[in-house]
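Structure 1 and structure 2 below are two forms of the same protein chain, each written out on its own as structure tokens.
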Structure 1
Amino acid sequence: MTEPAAKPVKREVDPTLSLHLGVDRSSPVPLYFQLSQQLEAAIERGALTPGSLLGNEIELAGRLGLSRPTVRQAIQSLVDKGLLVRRRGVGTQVVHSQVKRPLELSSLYDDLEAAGQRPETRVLRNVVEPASAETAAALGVAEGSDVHLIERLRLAHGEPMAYLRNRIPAGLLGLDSERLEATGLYRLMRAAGITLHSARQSVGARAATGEEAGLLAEPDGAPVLTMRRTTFDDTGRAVEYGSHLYRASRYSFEFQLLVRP
């Protein structure tokens, strides 16, 4: 008695088959991370087309010589990034693109640089002064204690884009104007060993005052975007309080956000 011929498979061919995935066990990079990077790259360059089903986890694990938990961890990280969607009883699908990045704690400097705008910074003030009540409340320090006050004008293509005013607890890191003109504040903080963790932001709008309009090369009373942000490191300390002004005619906040499942 011979087996009946296998019925033609309904399922499409597993698209990860033609991807020559593989991990390097001698590398210090975690296996799940190697895999998630390869999958992300494949999605990025279109080798995994939106909507297509990834072959099932168990088979994929077997093919790569990995365990299922490891493969799941790799897939999960891409689900968290919004690149994949899982459906029980169905499979794992590539999201129909449109996803870029789900909003990071971005530095304006980095944003401009990434957009190829070659940002420029002009430090207008860089002093230490006693904290006002508002600043003290935002930073969680005693009123009157020393804080750095930094005022900068950020330009792109020689045109003013934003007027940035930051307050930073004194003694947290060295802040000379020279370095501030060469890079962004967040980069200096990371370089000083501060691990940024989260931030509270508030974005609004109002009419610019005469002085502000002058700095930003806008007409008097022009609408400007305002952004207030307090940033915390992973110990919960407030490390920065900024209140910034952006030219509404030249700048808007773009971001992607994901729905928490």
Structure 2
Amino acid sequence: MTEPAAKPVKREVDPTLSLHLGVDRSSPVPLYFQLSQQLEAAIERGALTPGSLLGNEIELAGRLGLSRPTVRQAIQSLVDKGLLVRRRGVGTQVVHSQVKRPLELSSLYDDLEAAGQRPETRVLRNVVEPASAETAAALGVAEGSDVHLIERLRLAHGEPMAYLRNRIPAGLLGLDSERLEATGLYRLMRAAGITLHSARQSVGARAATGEEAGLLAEPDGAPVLTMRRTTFDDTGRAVEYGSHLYRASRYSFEFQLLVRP
């Protein structure tokens, strides 16, 4: 009895073949760093998509005329940044690009969507509570007056990115959980006729508590970026006070600095 022929194993095409990678040996920049920067740029612009597998290190080294340790060092630097992951029995895989958010009056939902990150939202709490002294001062309302508290987890590609807490003057707009999970808060405000004009914001960093780390899929005590923001409409009224946490491993803020004339 003749056994059926084994089906050929389909080999995934190495996505780096289309990237036109190269190094400048006359440059003082280390070769591994030149390669890692090119791979990182390809991840950031979406040429290397999440889930795609990099080719064999030996093949990549041979194609570029580099040593295998040089290629390994380049890849390891991106593993350390959280852009690549080595999976046993699978290979080196693209995770996700780090979200780089400019410091401007925009929402995380809009920024993620613009970057092709497929934002999702889980509403954790949606209640009315009395304003604390801190919240009352930020929103310009009486301490103890009603404010709407919304706690959400923002995800990209199914991965937690930020833990968001917003307090909004009661009665400002409808805030049912279904709508909050379907779109961003600022979009809901604009749809309600609120014109966002400016914000006062501070950025910091600290260690995550056990509860926060669990929500963000980080180990206890992992570093997180913090942001506090009070947003004002075009009449000068405070319409939102936010206190947010972002995963430092997946998120960064970008600043543009100018020389004062």
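Not measured: the values here are computed from a predicted model. Numbers given to residues start at 1 and step along the sequence of structure 1. The term rigid core refers to the maximal set of C-alpha atoms that superpose within 1.5 Å between the two forms.
Looking at the condition given, the form predicted alone, one finds it describes the source of structure 2 alone.
Once both forms are fitted on their rigid core, the CA atom of Tyr32 lies 2 Å or more apart between structures 1 and 2. Relative to the superposed core, Ala47 shifts its CA atom by 2 Å or more between structures 1 and 2.
Once the rigid core is used as the reference frame, the Cα position of Ala74 differs between structures 1 and 2 by 2 Å or more.
Core superposition gives Gly65 a CA displacement of 58.7 Å between structures 1 and 2.
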